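There is one chain below, alone, in C-alpha cells, taken in the form predicted alone.
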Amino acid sequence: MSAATGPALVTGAAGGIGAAVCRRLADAGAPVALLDRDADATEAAADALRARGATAVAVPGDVTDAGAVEKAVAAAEDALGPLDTLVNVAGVLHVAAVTEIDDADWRHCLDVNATGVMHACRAVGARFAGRGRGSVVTVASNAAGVPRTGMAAYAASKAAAVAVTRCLGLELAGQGVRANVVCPGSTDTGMLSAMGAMGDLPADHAALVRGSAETFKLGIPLGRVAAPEDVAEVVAFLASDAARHVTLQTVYVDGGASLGP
C-alpha cells in the first residue's frame, strides 16, 4: 500500500471509481473530502468512510459551477486543513454518432468532463502553487486516445481533460506540483451497466473482453473488465510520495485494450 497522503479532495466521489478512490486513499490514512452533485449520496458515502474509521467530510457541489467548486474546496480545507491531493473523477457519458449528437448532450459532456476538471484544477492548483507542493490526478478514459464509434462527445471531453491536466502540471512543476492522468477502459461501474442496459455496449463482460469487429473495438487482452479498485490503486500510487518524480504522465488502466498507446 502506497504511503498515506495528506488531505485529499475527490470529485465524483459518491459512486463508482470515485468512491473506490476515496476508500483507497482513506485506507492509506488520508483524510478525504468528497465532492459530488448529489448531496444525499455524497453524505452517505462520507458516512460509509467514517464507519471504516476514516476522516471524511462531504462537500457537495456541481463541478460545472466554478463558484460551487471554489466553495467546496474552501469547505474541504476548513474541515481537513490544506489539501495535498486533488483527484478529478466526476464524469458523464452520452452516446451518439457525430452526425446525430444532440447539442445539449455534447455540452453536458464538455461541461462536466472538461470544464469541471478545469474548475477543480484552477481552484486547487492555485493553492498548491502557493504552498509549493501538491498532486493532481485526473481520471480520464482510454477513449481520449483511441477513437470509438458513437463516443465523440465523451472522447473529446476526456481528451480535453487530459490536456488541461498535463498543461497544469507543466505550468506548476516549478512550484513542486505534480499532475498525472489515469485512463481506464471498461470498468465495472454504474455507467457501464447503464450503457449495457441501453444497448450501447454489450451487457455482459465476456462480450467486452471479446471486442467487436463491427464497431472496430478491440477486446481486452488481459481477459477481464476492470474493477473500480484497479483504477483506484493506480490513482493512489500517483498521488503518493512513491511517485514523487512522476508528472505529466498518462497511464492506461484498461487491460491492454488500447494496445499501450
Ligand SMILES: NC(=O)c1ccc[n+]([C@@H]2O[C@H](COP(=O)([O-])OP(=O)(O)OC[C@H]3O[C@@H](n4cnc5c(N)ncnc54)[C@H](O)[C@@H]3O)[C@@H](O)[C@H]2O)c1
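Computed from a prediction, not measured in an experiment: that's the story for all the values here. Start at 1 with the first residue shown and count on from there.
Missing here is the form predicted in complex with the named molecule; even so, the following discussion is about that form.
Visitor: Thinking of 167, 172 and 249 as the candidate spot, does the named molecule come within 4.5 Å of a heavy atom on all of them in the predicted bound form?
Guide: Verified in the predicted bound form; spot residues all out of contact, no.
Visitor: At 4.5 Å between heavy atoms, only one of the stretches 77-85, 91-99, 173-181, 124-132 reaches the named molecule in the predicted bound form; which one is it?
Guide: Result of the contact check: 91-99.
Visitor: Note which of 27, 70, 230, 62 lies within 4.5 Å of the named molecule in the predicted bound form, where distance is taken over heavy atoms; exactly one does.
Guide: It is 62 that has a heavy atom within 4.5 Å of the partner.
Visitor: Using a 4.5 angstroms cut-off on non-hydrogen atoms, would residue 22 count as touching the named molecule in the predicted bound form?
Guide: Residue 22: no, not in contact with the named molecule in the predicted bound form.
Visitor: Test of understanding: in the predicted bound form, would residue 190 fall inside 4.5 Å of the named molecule by heavy atoms?
Guide: Answer yes; at least one heavy atom of residue 190 falls within 4.5 Å of the named molecule in the predicted bound form.
Visitor: Please tell me whether any heavy atom belonging to residue 118 falls inside 4.5 Å of a heavy atom of the named molecule, as the geometry stands in the predicted bound form.
Guide: Residue 118: no contact with the named molecule in the predicted bound form.
Visitor: Is residue 152 a contact residue for the named molecule in the predicted bound form, using a 4.5 Å heavy atom cut-off?
Guide: Because no heavy atom of residue 152 falls inside 4.5 Å of the named molecule in the predicted bound form, the answer is no.
Visitor: Taking only heavy atoms into account, state which residues of 119-148 are within 4.5 Å of the named molecule in the predicted bound form, ordered by sequence.
Guide: Sequence-ordered list: 139, 140, 141.
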